[in-house]
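Just one chain is shown here, as structure tokens, and it is the form predicted alone.
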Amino acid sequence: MKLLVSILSSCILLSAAGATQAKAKPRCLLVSSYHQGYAWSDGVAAGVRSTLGEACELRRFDMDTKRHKDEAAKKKAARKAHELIENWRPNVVITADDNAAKYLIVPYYKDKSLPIVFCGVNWTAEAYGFPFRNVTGMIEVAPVKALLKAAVEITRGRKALYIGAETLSEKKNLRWTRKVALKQGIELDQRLVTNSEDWLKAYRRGQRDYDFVVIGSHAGIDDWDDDRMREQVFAESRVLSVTVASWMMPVTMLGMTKIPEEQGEWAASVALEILKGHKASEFPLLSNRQWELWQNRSLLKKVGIDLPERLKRKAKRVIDLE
């Protein structure tokens, strides 16, 4: 009888262990190029989380390359991400933005067995050679053409200044903005800066010497202070400012902005299909389709700019600081 009880107990334990293993969730890893607290990265992550739900065990690794911009720091962060992947063994990896593509995917996982879905790669993935056999993704394209067209319509001018942080993403954004500007007959100068004082100097020059200012992302400007910069911009503004970055709207008048959640939701939906047995190569590269129209009524009123009715009607987001 004791032997029988022992055998039955062992069978129950083995059965329970087997059931636990059977119920073990697949592993999904999100590798973000930037850091928590950066609006774009958090939006992508929110899209990933909401779409994956409870389908897999999700971890997030932040490379933090907006605040640590030198080559050594980027390569070190990529090595840490690589070590995590090799030790934790996720079933699928989602990456966000350019630095994860450049420093993690290309040197470590080109045409390997690990399926990877990227998102947030700006404008084109040609520099990285995507797609690979195991890699697909969503290209991040901003509505620059429509934004610049609206700026010219409002100001009746074609001389503009681009202001942004001196980062890889902003350099790519600037190159593509310049291409669009050239086609529209717009003379576009640029200032890429590393600190808030130089940003304000560039902004003041934009108010003095240009018809309108294109505002890039401040991510990468370590001493940026939202309250101070908002006050300074309100005091200094004289001409129209436009942006494709939603988090820059407190210091910008008109925005046509990408939606980070769209990138995360699409990448996660592909990851779910991969977990079901599909291959990354079955999903072609594509670009985002959604964008939002913003207006900062406080700045527009201060400068005395009245947006065309079609823009005011379509504006889904309004910043009003008064």
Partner chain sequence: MLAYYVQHIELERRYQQRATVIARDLMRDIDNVEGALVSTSGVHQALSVLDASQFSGFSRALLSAYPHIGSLYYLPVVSDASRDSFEENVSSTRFQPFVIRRMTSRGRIEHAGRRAVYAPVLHVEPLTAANVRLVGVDLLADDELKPAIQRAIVSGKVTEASVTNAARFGGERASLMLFKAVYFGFFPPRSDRGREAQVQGIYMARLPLEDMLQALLLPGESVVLERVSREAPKQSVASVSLPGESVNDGWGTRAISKLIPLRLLGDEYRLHTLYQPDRPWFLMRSALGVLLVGTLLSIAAISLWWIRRRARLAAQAAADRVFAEKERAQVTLYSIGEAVITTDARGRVEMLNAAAERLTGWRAQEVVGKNIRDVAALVRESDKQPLPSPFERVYSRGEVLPETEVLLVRKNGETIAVTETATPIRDRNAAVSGAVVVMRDMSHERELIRHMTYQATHDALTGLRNRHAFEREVLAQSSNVLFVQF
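Residue numbers count along the first chain shown, from 1. Here the structure is a predicted model, which means the values were calculated and not measured.
Beyond what is shown, the protein has a form predicted together with the partner chain; the following relates to that form.
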Legend entry - Partner-proximal stretch of 252 to 260, 66 to 74, 267 to 275, 37 to 45 relative to the partner chain in the predicted bound form, 4.5 angstroms, heavy atom: 267 to 275
Legend entry - Pro143, Leu293 and Arg297 each touching the partner chain in the predicted bound form (heavy atom, 4.5 Å): no
Inset, instruction - Tell me, yes or no, whether Lys279 is in contact with the partner chain in the predicted bound form, where a contact means a heavy atom of each within 4.5 Å. - result: yes
Legend entry - in the predicted bound form, Leu286 touching the partner chain (heavy atom, 4.5 Å): yes
Legend entry - Interface membership of Ala125, the partner chain in the predicted bound form, 4.5 Å heavy atom rule: yes
Legend entry - Ile139 within 4.5 Å of the partner chain in the predicted bound form, heavy atoms: yes
